[in-house]
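Taking the form predicted on its own, here's one chain by itself in structure tokens.
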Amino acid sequence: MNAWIAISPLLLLVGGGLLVMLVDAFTKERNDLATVTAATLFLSAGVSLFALLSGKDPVDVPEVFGAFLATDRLGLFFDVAIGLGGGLSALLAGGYLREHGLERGEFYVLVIFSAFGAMVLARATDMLTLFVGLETMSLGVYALAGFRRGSPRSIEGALKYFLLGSFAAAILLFGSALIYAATTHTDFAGIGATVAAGDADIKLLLMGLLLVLVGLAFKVSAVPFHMWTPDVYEGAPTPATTFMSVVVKAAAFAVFVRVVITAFGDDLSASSAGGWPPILAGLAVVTMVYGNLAAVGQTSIKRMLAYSSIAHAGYLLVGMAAASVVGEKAISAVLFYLMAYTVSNVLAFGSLILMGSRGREAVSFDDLAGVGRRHPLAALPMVIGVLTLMGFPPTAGFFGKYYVFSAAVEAGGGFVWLAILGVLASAIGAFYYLRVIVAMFMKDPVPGEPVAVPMRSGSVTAALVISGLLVMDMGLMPGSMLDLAIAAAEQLFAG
């Protein structure tokens, strides 16, 4: 495979972002921007998928590129997830922004360049690239969170996200500096080789690793570093919330995988006694339990989905922790889960967007009362969305959880209890997911209160159809996506 094919997804986003800026300057039809943005991101994902399916590794990779960014199957896999999630978010924005009087071209520019930063982060093989990709992605997402400039709730959420994100980035940067001081390397492979050879300063190394894990835990919304998530998800425009929930989480977990496997995959760092596995296992426990319990009492569906996102981060951390024992099987389960979560979350948030029209959003359970009886076809995507997030067969979410918990059981020891706790936490999740279906089909609207009226938008409908088909395809035929995830994981462990 030509090296330029592996590099082209990043170049496509840069070119697409510049094109969107040019189109915005010369047209007043903002729907064109949604189409161009979605097409750019889908094309980037398509090129990555083509390269991934070819099964060939790139040759003659430019040294400047290869030293800092990966061209491996793991990077291509996450290019697909990021491009798909970003493209679907752009389609949702095409209907939402116009319906709610927020149509401005900079939204799409921010989406493209934030997705570019996410791809850089997912491909990072060096602490320097990690930080550059993280900040490129984050700065755009901060702006997206506060895009509704007239809403105090939106501005409050964006400010909280910016301040906490800045602290988390500083902690991660300080941890990277300590790792460099301990190993004299910033590249993940060099760090791993130095640690495995026993040449690193252990005290500095462990402190640096702990700080880097804290910085990454913030980005994936792991408890207790989740404080920003509910307020930001609720305050941001819903397409921006969708983008954050799928693209940011996918990129953060991608670099999480690279850090713990490539830089700290040695026997000491990955030991169950004093390495990163017990830290990740502890984060998984509190994140699963707290995320699900906090979601139960929510009246806003957006806040419920925010706590749901926190809980899903906990399930993913179960797979991450189990990777210390079962390696490729656990990481491939994490990759499959992230792809399934991407399309599932787009379906759930996209359904909320569809239910809001005439400048009014449907965000609470009361807003959706009876909508399933009045508009059954419009309610169908939400039903599929909450069922797949719940893990109901035969959807993508079911197999995502099955593979992650199976990997934990195979790892044995305390990981079995981690899997059991994950299943119990999922049972709690079933309660609040089913509440949405109950509200739509078994409750009547409050007399005198406005009722949800679905909007008419071709781009929103297209996003829901695409994500719904992918949810069912990955549920009915999970083997194809799992094979790609296994190939990416195997190459990662092969070095």
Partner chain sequence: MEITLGTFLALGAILFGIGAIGFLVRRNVLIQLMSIELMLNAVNVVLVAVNRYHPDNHAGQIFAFFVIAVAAAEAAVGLAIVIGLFRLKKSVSAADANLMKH
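Residue numbers count along the first chain shown, from 1. Just so you know, these numbers come straight off a predicted model, no measurement behind them.
A second form of this protein, the form predicted together with its partner chain, is not displayed here; the remarks below concern that form.
Undergrad: Tell me whether L139, L163 and D231, taken together, all sit within 4.5 Å of its partner chain in the predicted bound form, counting heavy atoms only.
TA: Yes.
Undergrad: Which one, 184-192, 368-376, 386-394, 71-79, holds residues whose non-hydrogen atoms are within 4.5 Å of its partner chain in the predicted bound form?
TA: In the other structure, the partner sits against 184-192.
Undergrad: Exactly one of G198, G412, P152, G101 has a non-hydrogen atom within 4.5 Å of its partner chain in the predicted bound form; which residue is it?
TA: By the 4.5 Å criterion, the partner-contacting residue is P152.
Undergrad: Considering non-hydrogen atoms and a 4.5 Å limit, which listed residue (L424, V416, V132, V296) is close to its partner chain in the predicted bound form?
TA: Checked against the cut-off, the match is V132.
Undergrad: Taking heavy atoms and a 4.5 Å cut-off, does L380 contact its partner chain in the predicted bound form?
TA: Heavy-atom contact with its partner chain at 4.5 Å: absent for L380.
Undergrad: Does any heavy atom of G235 come within 4.5 Å of a heavy atom of its partner chain in the predicted bound form?
TA: G235 belongs to the contact set for its partner chain.
Undergrad: Could you confirm whether L283 comes within 4.5 Å of its partner chain in the predicted bound form, counting heavy atoms only?
TA: No, L283 sits far enough from its partner chain in the predicted bound form that none of its heavy atoms falls within 4.5 Å.
Undergrad: At the 4.5 Å heavy atom threshold, is M227 in contact with its partner chain in the predicted bound form?
TA: Yes.
Undergrad: Taking its partner chain in the predicted bound form, which residues along 286-306 bring a heavy atom to within 4.5 Å of it?
TA: Contacting residue: only R303.
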